[in-house]
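First comes one chain, alone, set out as structure tokens in the form predicted alone.
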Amino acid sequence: MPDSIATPPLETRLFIGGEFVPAIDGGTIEVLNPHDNSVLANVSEARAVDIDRAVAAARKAFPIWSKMSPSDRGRLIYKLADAIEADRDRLALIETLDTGHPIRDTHNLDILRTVQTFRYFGGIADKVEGSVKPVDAGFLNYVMRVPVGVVGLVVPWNFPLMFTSWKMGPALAAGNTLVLKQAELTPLSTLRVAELAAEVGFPPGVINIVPGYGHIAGQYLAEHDDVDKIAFTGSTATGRKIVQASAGNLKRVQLELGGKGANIVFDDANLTAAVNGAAFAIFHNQGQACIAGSRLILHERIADRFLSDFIALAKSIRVGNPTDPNTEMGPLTSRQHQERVLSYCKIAEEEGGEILLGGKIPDDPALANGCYVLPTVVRAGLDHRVCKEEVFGPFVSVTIFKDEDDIAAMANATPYGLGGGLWTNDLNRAHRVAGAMQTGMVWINCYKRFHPGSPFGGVKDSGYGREMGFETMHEYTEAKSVWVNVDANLPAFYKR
């Protein structure tokens, strides 16, 4: 881990056409450290004219990048992965300072997962195969997978570095060029990735990075007539706006949106494993994860014992300065989000829920200026807002069930369908319940596991399309069908 908590030198300009440039109108965004709300940097703010520049640069680079051999594209992506790995200490510290994610996690999870993802897609670049179709005699029909073109990528603030790799990796491997807009709260690690991409030799214009506000830069990117696809990760409300904005040129849209994960514990589960897994599911990254296990659904026979152990574990979580290697849970990423999470604690009480733990900021004066919220456990009814709406913080609701017949309806009682989990030693039950859950992902006797080879995405209000896995290569390519007349003796269709 880094030896110093001093802020490393930071690139703060837009990255367009292979160069770092200021925004044309000179506007900037103040980026804050959520630990104490001190200013980390003033980053150039992209607006419409800057998005136009970035899209033009990506369009100009597209013929070069798309015609490059897939193996050469893959090698460059590998080089970027190697450069990120070599820059591990610096990048981890940047990500921690910018997001509040504890350094132990950015260093040991986020960087490694980012490297793993880029390497996976570097390896896939030359393995996107077409097919030959059995058609009428005398004709050859083959189907190619061709890149979509210029893609707009919108990355959220909760895992900015990791989500950069999830979107950039397959887009580049497929032969697309890109304009990536990070959230205005957390742009710093992605700008560092742009520096590394330039250093390893990506052609100018292939990668363009434009920090900006969603309602300005993000909306304009989604509306842009020269962008062929938009891939967005964020809230369901904003996802709907992205779809509406895309209608102008009917660009392709890929959405990974909100979640309200059910985490079900049956009475035959290994309770020690379930307690630890449930804590990771909701308190990792301060609960700021779309796949967080934010709804604990406990069988009545083990509910009291589970809650006793779970609350004891939650109380023991070390909340503090995220640059401290001993910290297990840092601040939320912004003051606005801290206020949102605390508002749900009030909502829970107003609805008749019972706050079993937390529901407030820490008492530690050293954390008073930060965006901290203590681990929070709330007993609530299925019809309560806190059991239906995404809180996106270290906030878990608890409900009780009696038998398996009730569980599918309880698990599916939200508009979301991203991820969910269950804990049981009954193999038949495990598969039966997993099949009944209306989610894109289910974890059995684990939670929040993912890998670049496994598709990630949801159903219902959690969006459509898939990140990662070979499935995502079809999100970034089009099927092109080519027909060839291979029989010179075939009669002409039209005769003069």
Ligand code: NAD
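Residue numbers here begin at 1 and follow the sequence given. Source: prediction; values computed, not measured.
This next part talks about the form predicted in complex with ligand NAD, which is not shown.
Remark: Tyr213 counts among the residues lining ligand NAD in the predicted complex, judged by a heavy atom distance of 4.5 Å or less. A residue is said to contact a partner when one of its heavy atoms sits within 4.5 Å of a partner heavy atom; Gly100 fails this definition for ligand NAD in the predicted complex, lying far away. Remark: His337 counts among the residues lining ligand NAD in the predicted complex, judged by a heavy atom distance of 4.5 Å or less.
Phe401 falls outside the set of residues with a heavy atom inside 4.5 Å of ligand NAD in the predicted complex. Proximity to ligand NAD in the predicted complex, taken as a non-hydrogen atom within 4.5 angstroms, holds for one residue of Thr106, Gln182, Thr117, Ser189, which is Gln182.
When you look in the predicted complex, the only residue of Gly353, Gly205, Gly258, Pro160 with a non-hydrogen atom within 4.5 Å of ligand NAD is Gly258. With the partner left out here, ligand NAD still marks one of 345-353, 260-268, 75-83, 217-225 in the predicted complex; by a 4.5 Å heavy atom cut-off that stretch is 217-225. Taking ligand NAD as it sits in the predicted complex, the stretch 216-238 comes within 4.5 angstroms of it through a non-hydrogen atom at Gly218, Gln219, Phe232, Thr233, Gly234, Ser235, Thr238.
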